[in-house]
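Heads up, what comes next is one protein chain in two forms, each shown on its own as structure tokens, labelled structure 1 and structure 2.
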Structure 1
């Protein structure tokens, strides 16, 4: 998962990267920036290209800061609600560099990239000098030396220090990406102007400090928090969505969302229930149906389960139990395929005859379109 800038910076700072003085702000009213300014106001959402999307404002005075906060807070940026902004002292008189470390899955190593031309246009350039190294501190630093041979001698000490910090962050915190762009180089050394950090959520399952970092921000990472706390995936795609999804399997669930969107149906959520982990307990289904029922625009629920191993007879029982417990009033279309599908259908038809059980996904989508229109 991608961390918001403020968390990426605090993680990198623990390994020695310097960051500008900043305040994390949730409300425009009553906030007054410290220091002489100017400031930069940045929406804290886990996306790339925030500058181009209008999520970053350069502010000469305190009034401009308030104005930027008013504009950004409460809005959305590339599908994410903006609940926090970072207000940072602008760094003056520094050169902008780019420095990143990225796990390379082909070589099972780490790619280090550096260039003098930092800033928001760097992704476009696509011509960043880089080196591959095995995933060990010494080897990465040797590769970094080769790369930094191109750097002006006066910058090398600061760039080396920043590199050591990024290497330690990546290796010790098990990251997939540690990117600083821009990395400001001035008379006082290197300062991170931004941070893009991709955390391994698998590692956060067992590393308490990483887990706490995610759990501390339920408003920035609602989906990841839900995953850590519940043990399965439920990602809200569109809070105004009209079709709630109770689905299993990441790829199939994504395609169901894609096909519905293309058909003009508005899915509320992505869901990978992991039916293999239900173990005879409807609790997970009760949770999902509860979240779906909370959203006022939802008109219909689609259940799509392709059972490789899961016993659909048992799933039919669990879904019936969950429907009983939640007292869900929405129409439900259920498509069950695979192991025990007949038993699952029989169970639903006996206990919840209003549930439309269908065989194919196209048929399920046709039914949903009709129910939504009615």
Structure 2
């Protein structure tokens, strides 16, 4: 999961990466930036491309900071609500570099990349030099030394120090990506102007400090918080999605999302319900249906369950119970395939005859398209 910049920088800073003086702000009124300006105001949303989307403002005085906060807070950026902004002192008189470490699972290694052309136009600077190393601190540092041999001699000490800190952050906090762009190099060394940090959420389930970092920001990481607190996956993939999904199995759920998008439908979410963990309690289904119902643009719900060990007869009863509890007013299309499918279908037809029970995914998509248009 991608962290907001403030959290990414906090992780990197505890391993030695220097960051500008900054404050995390949730309301414009009453805030006054400390220290000398200018300042940079940055919307804190877990998405890239904030600068090009208008989510970053350079402010020469405190009045401009207030105006930027008023413009950004309470709005949305690339589909994410802006509930907080980072206000930090601008770094002046420094060169911009790019430095990153990326876990490369295909090669079972870590790729380190560096270039002198940092900033939002780094992609246009040409091919970024990189090296691949085994996922061990010593090996990564050796690869980094080879890479940084191309850097100007005056920059090498600061780049080496930043690389050592970045390697430690990646390996000790189990990061999947640690990217600093721009990495400012000035008379006092290296400073992280921005940080893109991708955390392994599976590790956060076992590390109390990382878990607490995620849980502290439910507004920034709602999907991750749901996974940590609920024990299953529910990820909103399109805030404007019109079809809520109640599905199980990560791979099968991804297929459903792909097929829907290919048919011109807009799924709201990915869902791996993990039906094997329901066992007589509809609470999980109640929560999923509740999250879907919170989105006013959703027009229909698709329930697609392919069961092996799961008894779909029991699932039909639990789904019926959940529909009773939530009082869901959205139309529902249900496809139940596998163990006990006939019993599950009979249960839904008896208790909720308005649910359209179908046999195939193409039929389900046809029904959804018709309901969406009605």
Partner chain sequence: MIASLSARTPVLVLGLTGRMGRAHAAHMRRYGTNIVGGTALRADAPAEQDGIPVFADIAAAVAGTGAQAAIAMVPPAGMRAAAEAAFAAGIRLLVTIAEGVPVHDSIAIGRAARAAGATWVGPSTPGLALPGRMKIGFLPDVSLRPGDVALMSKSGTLSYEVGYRMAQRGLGQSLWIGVGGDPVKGVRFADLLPVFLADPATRAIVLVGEVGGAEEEEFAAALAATPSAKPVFAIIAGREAKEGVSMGHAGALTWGEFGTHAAKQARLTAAGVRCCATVEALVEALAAG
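Here the structure is a predicted model, which means the values were calculated and not measured. Numbering follows the first chain given and starts at 1. By rigid core we mean the largest C-alpha set that fits within 1.5 Å across both forms.
Structure number of the form predicted in complex with its partner chain: If we ask which form is the one predicted in complex with its partner chain, the answer is structure 1.
CA superposition split between structures 1 and 2, residue 233 and residue 301 in same rigid part: Both residues go with the same rigid part.
Size of the rotation between structures 1 and 2 [smaller rigid part against larger, C-alpha superposition, degrees]: Domain rotation angle comes out at 14 degrees.
Between structures 1 and 2, how far the Cα of residue 295 shifts once the core is aligned, in Å: A shift of 4.8 Å at the C-alpha.
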